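Taking the form predicted on its own, here's one chain by itself in structure tokens.
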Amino acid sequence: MRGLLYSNGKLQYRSDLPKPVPQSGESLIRVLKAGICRTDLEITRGYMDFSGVPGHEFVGVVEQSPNPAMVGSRVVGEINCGCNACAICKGGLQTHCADRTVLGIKGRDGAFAEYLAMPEANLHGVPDGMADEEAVFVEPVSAAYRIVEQVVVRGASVLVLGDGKLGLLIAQTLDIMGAGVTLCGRHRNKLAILDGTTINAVLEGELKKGKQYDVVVDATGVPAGAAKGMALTRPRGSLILKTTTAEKREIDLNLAVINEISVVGSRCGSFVHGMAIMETGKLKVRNMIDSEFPIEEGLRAFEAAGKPGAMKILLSF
């Protein structure tokens, strides 16, 4: 099997990877396309001490499944796979199961290979009208929507820090959900993706001095983002943390105490909601794709994804 393997601190292309064998309740999926995100780059820098096939944003075709009706279907998959036996899983919180595996991130080979295996219960059929290159975005859009499930955004003033892929998706999603959104970034070409929307897209240095926001989202991808976000959150506002990095971070929480700021960690969201947002047709996801590489050129794809200002890089099989 062709794919990318991260092991012993090195990412390499291999043509001899073993094809996954689905366990009880799992489906075998042939990957069509996969997207490289910031988390994948951080994994190659030591994040989560992961070893194996990375990748968690994908669209594929079910080739084998305990549910015969799924065979032949185009699917995307929720990446957290709980044990389904503990109290947390039985309470519907599989994303926080202590023994969970996470596709391409923790204990489970991911989407940067020809095949992957996932629980059938994690799979969602892709609508016929949604192209493969769009379906790859369901996972990050669902992560963007997770914020709506955690704090009130309708009518709120929201600042999104970071004009990377996730930041752009968060800004668009919260705009659709009725927030007054400002996106602050470093790249004029990225901000231009939001032209025609009601989002106020500004470069660093163009933020109104002294202004604070009801909700601030750190999607910078850098360790200093959380501290910057804290300073821009109004008293009794909410700071949403989306950034994960291999590098450890320090933040002075005195300001959170003094201003009674709610600090909210935010990770994965429901694919049902993410899919619904995408089906509105309002998200500009195609504009966010830089280029596509065959899996044989996966190392070159990672190099492109790691360049400053890079947008979404896709892998195809």
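This structure is a prediction, so every number in the text was calculated from the model and none was measured. Residue numbers here begin at 1 and follow the sequence given.
The protein also exists as the form predicted together with a further copy of the same chain; that form is not presented, and the subsequent description refers to it.
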**Item:** Heavy atom distance at most 4.5 Å to a further copy of the same chain in the predicted bound form, all of 64, 121 and 271
**Value:** no
**Asked** Does the 4.5 Å heavy atom contact test between residue 146 and a further copy of the same chain in the predicted bound form come out positive?
**Response** yes
**Message:** Since only the chain is shown here, I'm wondering whether residue 30 would be in contact with a further copy of the same chain in the predicted bound form (any heavy atom pair within 4.5 Å).
**Reply:** no
**Request:** Indicate whether residue 49 is a 4.5 Å heavy atom neighbour of a further copy of the same chain in the predicted bound form.
**Result:** no
**Asked** Can residue 284 be called a contact residue for a further copy of the same chain in the predicted bound form at 4.5 Å between heavy atoms?
**Response** no
**Complete:** In contact with a further copy of the same chain in the predicted bound form (heavy atoms, 4.5 Å), from 274-282, 260-268, 31-39, 64-72, is stretch 260-268
**Complete:** The one option of 200, 101, 157, 245 with any heavy atom within 4.5 Å of a further copy of the same chain in the predicted bound form is 245
**Asked** Heavy atom within 4.5 Å of a further copy of the same chain in the predicted bound form: which of 127, 235, 107, 178?
**Response** 235
**Request:** Could you run down 56-76 and flag each residue that has a heavy atom within 4.5 Å of a further copy of the same chain in the predicted bound form?
**Result:** none
